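For reference, the chain that follows is the form predicted on its own, supplied as structure tokens.
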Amino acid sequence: MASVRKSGGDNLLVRYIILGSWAMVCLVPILWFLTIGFRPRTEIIVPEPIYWPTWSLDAWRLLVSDWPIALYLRNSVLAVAGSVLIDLVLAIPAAFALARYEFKGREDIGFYILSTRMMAPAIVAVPIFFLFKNIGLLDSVWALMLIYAAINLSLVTWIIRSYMLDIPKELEDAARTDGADDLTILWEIMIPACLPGIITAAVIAAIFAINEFLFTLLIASTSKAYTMSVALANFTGGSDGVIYNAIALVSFIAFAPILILVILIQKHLSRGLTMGAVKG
């Protein structure tokens, strides 16, 4: 018995060592990127490696004094959060209809919804620009919400639909026997049952929205509606050249909220990523 316990303890220690080593492999590049943001620009572009850098707040002072980084961060949060909320409000009922209702062309409609995600964004860039210009939403966070939601709606719908297909229909039949209607079944059975999948779809939509650059640059013509992705482009040209330390610092500021969010919901996220993987 003692040998079995010792063997189990050794295996646990080996697991912790492997996981700790892998965590270091994942975190070191992030921390190294953060250190670039707190180093002088002159030390970053030298050809020889500097093992003991000089710490500086020049990049932070540049962001605070010359760039409204708080406004860019606020715009990013509002645009991404608003687009994800719109996607979930529209995608959940659509996914429920595609997963549970029987009608002609259901599979074709589902594939068509997914195929819109494969379309090249540049095809609709000009029409979308004039559309938002004519309705007076150009250069606003509201326009960014709508375009992000439109881009990711098909993907969110398809992901949630795949999770709803895995939910046994017996639960739905039992609820109908008790007199529940479709809205009650959706709200009280389907949504709680596939909540990890909904969270997974929301996180994926948020990541895609944060990384969107083409439509953000097209719609946000002034700094009033700039997001973090466009703010990064401001440090890659001009008379000052490429400001590497500012790029690193802004990138970390943009990356940190998503990292924290994923860490907080990793239990639901890991379950959601595997929930719809195997189907009978």
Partner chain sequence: MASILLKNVVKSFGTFVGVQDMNLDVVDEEFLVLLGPSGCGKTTTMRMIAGLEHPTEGEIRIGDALMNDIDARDRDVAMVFQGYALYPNMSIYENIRFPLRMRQVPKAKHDDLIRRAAEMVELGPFLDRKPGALSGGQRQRAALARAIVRQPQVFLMDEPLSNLDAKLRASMRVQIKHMQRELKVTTVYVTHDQIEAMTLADRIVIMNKGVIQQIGTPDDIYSNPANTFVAGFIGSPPMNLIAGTAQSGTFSSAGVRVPCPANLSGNITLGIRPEDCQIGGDNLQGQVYGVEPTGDITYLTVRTANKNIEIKAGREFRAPIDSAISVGFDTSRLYFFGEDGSRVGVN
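Source: prediction; values computed, not measured. Numbering follows the first chain given and starts at 1.
Not pictured, yet referred to below: the form predicted in complex with its partner chain.
Tell me, out of A174, V124, I204, L165, which residue has a non-hydrogen atom within 4.5 angstroms of its partner chain in the predicted bound form.
None of the other options qualify; the answer is A174.
Taking 4.5 angstroms as the cut-off for heavy atoms, does I199 touch its partner chain in the predicted bound form?
I199 lies outside the contact set for its partner chain.
Using heavy atoms and a 4.5 Å limit, would one call T184 a contact residue for its partner chain in the predicted bound form?
T184: contacts its partner chain in the predicted bound form.
Indicate whether G105 is a 4.5 Å heavy atom neighbour of its partner chain in the predicted bound form.
Residue-level check for G105: no, no contact with its partner chain.
Taking 4.5 angstroms as the cut-off for heavy atoms, does G179 touch its partner chain in the predicted bound form?
So G179 counts as contacting its partner chain.
Could you tell me which stretch in 152-160, 82-90, 188-196, 130-138 has residues with non-hydrogen atoms within 4.5 Å of its partner chain in the predicted bound form?
Comparing against its partner chain in the predicted bound form, the contact stretch is 188-196.
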